[in-house]
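So this one's two forms of a single chain, laid out as structure tokens and tagged structure 1 and structure 2.
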Structure 1
């Protein structure tokens, strides 16, 4: 295959970004179809990006014969079903996280993927494709920081998006499933190990609205991994300074910190507020190139027949761990994994 013909479903903020990337920035790829229930947005986007086929129905899009792959940026609750349908239709799949909204759904997705060994399935843990994370991972893999002692990760959303988060709260699955999954994935990737124990805490520090969904606006958990590495994760929705994704790996020989200052760019400002860096706005800004890199990897895997580094099993594992965090948080107990 010279060129991968892709249909993309879902035109929310991230869906739009994926569509734009495929249309313009991914080599050996062509955006041949778009699918969304919002007809105005569908038409506007397809016209702007020069996309021929437009669908309101995912099933109809799947019947398109000159389409090799689908990109799922649809609501989480639809993922498992769409994965099964797309595989049955012989399409390669790139799916946004989560793999499914329950662990049972994830297991179903695993079976569907296993039944189609010749089709590429990749999950969108884009942080692994950010240049800084990749640089750090190479150093860790090369043993430059020795044995991992503590893995610490923060995921903070700006306070200014809080109304959206509150509105989405009934469907988000809670902060561990909605936000911490990326850090859970990073923890497994960097330590090459799995949790043994989990203790999660948190609460509603600024926004009591989350309590009715048994969720908090800020949560954290401490895990001990099977290789003895300590893992501390923090996820919050009330950062005044911006979108703060920060990761630290302390090893016996050295420490790596990724984005310890969540700087927007290389500009430093000296003014009445001191010496300061403005921060990233949101995930689209911070992981702009990571989204391109992961999609390129998806396309390259299809063309070369390579398997993506992020497998369907990673999706299940991350969900299982996130559910355990949620359970520990809700019950106030220590869980063995």
Structure 2
């Protein structure tokens, strides 16, 4: 196969970014179809990107014969059924997280992937494809910081976007599932281990609206992994300074810090407010290259016939851990995993 013909489902913020990347930035790929229930957005995007086939129905799109792969950026509750249907139609799949909205759904997705071993399935944990995280992972794997002692990760969304988070709260599954899954995935990736105990705390410090969904606006979790590494995660929705993703790995011989000072770029502004650096606005800006890199990996895997490092089982395991964090948060107890 010289070129992978891709149909993409969902044109929200991330779906639009994936479509634009496939159309213009991914080598050996062609965006041949788009699917969305918003006809106006579908038409505008397809016209702008030069996409011939447009669908309001996912099932109709699957019947397209000149399409090799599907990119799923649809609502989370649809992922499991769409994964099974696309595999049954003989299509390779890239799916955004979560794999499913319950662990049972994740297990269903596992069975669907296992039933089609000749097809490529990849889950969108894009931080693994960020250049800085890849560089740090290489150093940890090479033993340059010794044995990992502590993995610490912060994920904070800007306060100015809080109304969107409140509106999404009934369907998000809570912060551990909506936000912390990327940090959970990184913790597993960097430590090459799994949790043994989990204790989560947090609350509604600024926005009581989250309480009705048994969620908080700022939550945290301390885990002990089976290799004795300590893992601390913090997810917050009230950062006044902007989008803030930072990670630290402390080892017996050294420490690695990734984006310990959040910044948009390397520009320093000197003005009446002093000397400062601006922050990224959101995840699309901070991880713009990672989204390109992960989609290129998906296409390369199809062309070369190899399987991605990020598997369906990673999706299940991260979901299991996130739900355990949620349970610990709701119960206020230490859980054995």
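For the two forms, the rigid core is made up of the largest set of C-alpha atoms that agree within 1.5 Å on superposition. Bear in mind the structure is a predicted one, so any value in this text is a computation, not a measurement. Numbering follows the first chain given and starts at 1. Shifts are known only where both forms have a C-alpha.
Selected structure - the one that is the form predicted together with another copy of the chain: Pick structure 1 here.
Is_shifted residue 274 between structure 1 and structure 2 (CA, 2 Å cut-off, rigid core): Yes, the C-alpha position differs by at least 2 Å between structure 1 and structure 2.
Where the chain shifts between structure 1 and structure 2 once the rigid core is fitted, runs of at least 3 with Cα moving 2 Å or more: Residues 270-275 form the sole shifted run.
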